[in-house]
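Single chain ahead, by itself, as structure tokens, in the form predicted on its own.
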């Protein structure tokens, strides 16, 4: 199978029918493709990144003018077929050792042989299976994959690669990075969903068909090893486009030796891959990489390199909104390059009535163990460049007070529960999760009001600050009552709960961020009243 000419991508057309398409068919206008439908959530995210990387590599627009024209009027599918065709030789899934095969080590003939399930990030490892500890993700359920699922598993692993033991390298963005993609809300074509996340060549990712080589696609040459005699791979060692095609793991698929039913998608009568070979010390990506699709945390002291944001326990929510859209001064989180480019250049080119959202997803990894897969949709507001600085500052005020309130609630709930809360162990992160969920709708309601202010407005109506303080106060107390009072009468210690509640109220009102909210509201009101 060739990934640029074969029909292997699971997709949904406008009439609701499901099919498999070749990459160039994303631009078809007759009953166009509107969505992808991969058999797993991590495959779905990876498939979007594969197609975005392909567009960025092969047909990136020269400037913002061409980007806007192509967003409204896609390239013809024939043009796209020819453009992708120039890169076809590099995208064979299966080839003889010594010939390029997609994301596979060029010359790997020997190495540890593993079952194909090892390509799945959440598959239980050998020790887990040996110790019979595969309680949630069972081993032995995936033994053979069709070419489509094999290609998706391979790309998903290489682009998200967690640590995999001695010398088995992590991905270019570290293990389990978050990805943030812009998406139109409502009816739209797959082309628009992809093109929104393509940079024009003025952003430093210029290429052409003539430049197809190992600096972009590392599997076209001998692997840049990272053993004792090897070296790390830094941004200056490659073309920037290699960020879309990183290959940290040395892998070579064993040829499909049987046909039958795929254990993931259920397709039948297809050649099946059941084994692959692997060795350690593949490409070791180090240095200040900034992948265009991922937000990063920058060291506030500017002493360390930026780190890609990862999935974390507790999931994603509005507390990440500022860092995913712009820049969170509280922790140094900064939006991905593609989101920065949208607000700096593309936003003014699009119809302001067309709503967008930000699709955020990624694994929460504990070294090589996948703890959870997270996905979240954040609203995107159309903001003029002149508005952005003010809105950032206003949102920072709201977020700081919320971030102070969540641990305060957790602390006093434990004081209501336990005589010696400092000695109580156990994961109580669900208290924070409830707090963030309880206040999310009001946050976006107030954010919408801020975004709707006139471009020249330099102050927020005092009611917004007061409203947000009331939301936090009400949520903190309601959740405290919920968590501390829902138990049997025999186990209730009302005196301890009342004391904890009083302390919570007192501490909440004395917090610097809450006082700041109150003061800004009062100052604004005084100004408004003259």
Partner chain sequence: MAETMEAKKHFYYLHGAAPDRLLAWWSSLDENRGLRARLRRVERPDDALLTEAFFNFLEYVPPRWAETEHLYASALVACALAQVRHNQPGRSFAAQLGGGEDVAVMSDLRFRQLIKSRTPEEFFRRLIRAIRMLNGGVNILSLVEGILRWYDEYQTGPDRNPVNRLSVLWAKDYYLPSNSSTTSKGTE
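Computed from a prediction, not measured in an experiment: that's the story for all the values here. Residue numbers count along the first chain shown, from 1.
Below, we refer to the form predicted together with the partner chain, which is not included among the displayed structures.
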query: Residue contact check: residue 502 to the partner chain in the predicted complex, 4.5 Å heavy atom; finding: yes
query: The partner chain contact at residue 507 in the predicted complex, heavy atom, 4.5 Å; finding: no
query: Residue 62: touches the partner chain in the predicted complex, heavy atom cutoff 4.5 angstroms; finding: no
query: Close approach of residue 487 to the partner chain in the predicted complex, 4.5 Å, heavy atom; finding: yes
query: Heavy atom contact within 4.5 Å of the partner chain in the predicted complex, the stretch among 49 to 57, 471 to 479, 29 to 37, 64 to 72; finding: 471 to 479
